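Only one chain is included here, represented as structure tokens and corresponding to the form predicted alone.
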Amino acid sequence: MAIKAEALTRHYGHVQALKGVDLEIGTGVFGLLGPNGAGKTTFIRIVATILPPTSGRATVFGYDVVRERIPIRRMLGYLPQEFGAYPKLTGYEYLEYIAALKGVRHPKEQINALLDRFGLSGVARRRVTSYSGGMLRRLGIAQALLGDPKVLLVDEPTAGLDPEERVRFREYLMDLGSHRVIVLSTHLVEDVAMICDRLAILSEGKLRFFGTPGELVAQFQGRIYQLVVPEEAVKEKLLALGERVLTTQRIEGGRAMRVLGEVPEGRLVTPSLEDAYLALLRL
């Protein structure tokens, strides 16, 4: 396996961000899904050799993330959640700078190809401070791909993007995933549903699921019900059902509720990936 974690833990003082995580990740687009504070970014930063684990072990293509950081960094591309380029540089200058840090030889051709691929050629000579959020994320993925890395780590890549930019960014990742390892860390189920071959779910630092999206959905077949509740009865029904309510959606005349477990007035429905994910977190 390209990335392997064994009994991985990470403590921040008295807080345990990761609690004995065992995980194996191969080629393709892999989704690391979980709510905010689940330990996703900590896991990504350990694999990226930025943070050492408190205990346990992680390897990238057999190299240990603590003892063999240099060879890992040579094969790694990383787009952090809080990506920020130097605002006084142009997009082209910023990629030149990152290429120099990575030791990329003859970077001009590669930079021009990446700018073209991500639709940034027309703004390459503009200062980064003038870029929109979507442009910055595209610049972020371009810098991560300099040097043609075997492993690409992207943390919350569609955060802050409008719907059109989000769709386009997912398409970029799908195109990239055929011949490299891509780990996509996100709290958005939609991102995983659209592009990931396999996924892991973290919650409170623990691994709750590992497998395909279809396997997760299959766990909740026959267990998700939907009922329509008049608007005036919504509050009472929410109190009665408590955490069994997965989602509510406003419809004409009331709310459609998705519920974990049978309810007399509900009808059995085929679970979505979002239903299955939320249901898993309720267990």
Partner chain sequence: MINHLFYEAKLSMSWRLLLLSVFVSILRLTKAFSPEVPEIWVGWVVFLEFVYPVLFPLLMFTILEREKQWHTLEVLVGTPKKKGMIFLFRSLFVLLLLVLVAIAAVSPAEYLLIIAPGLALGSVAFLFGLFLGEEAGLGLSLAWWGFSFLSVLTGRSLSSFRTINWFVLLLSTSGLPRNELLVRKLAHLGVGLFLFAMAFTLADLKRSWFVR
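Numbering follows the first chain given and starts at 1. Bear in mind that the values here come from a model prediction, so they are computed numbers and not experimental data.
In what follows, reference is made to the form predicted in complex with its partner chain, a form of this protein that is not presented.
- This chain is displayed alone, yet in the model of the complex one of 69, 255, 57, 244 has a heavy atom within 4.5 Å of its partner chain; that residue is 69.
- Of the candidates 123, 98, 194, 159, 98 is the one whose heavy atoms come within 4.5 Å of its partner chain in the model of the complex; the others do not.
- Shown alone here, residue 50 lies within 4.5 Å of its partner chain in the model of the complex, counting heavy atoms only.
- Of the heavy atoms in residue 164, none are within 4.5 Å of its partner chain in the model of the complex.
- Residue contact check for residue 83: one or more of its heavy atoms lie within 4.5 Å of its partner chain in the model of the complex.
- For the chain shown alone, residue 206 is not a contact residue for its partner chain in the model of the complex, no non-hydrogen atom being within 4.5 angstroms.
- Look at 209 to 217, 180 to 188, 164 to 172, 88 to 96: in the model of the complex, residues with non-hydrogen atoms within 4.5 angstroms of its partner chain sit in 88 to 96.
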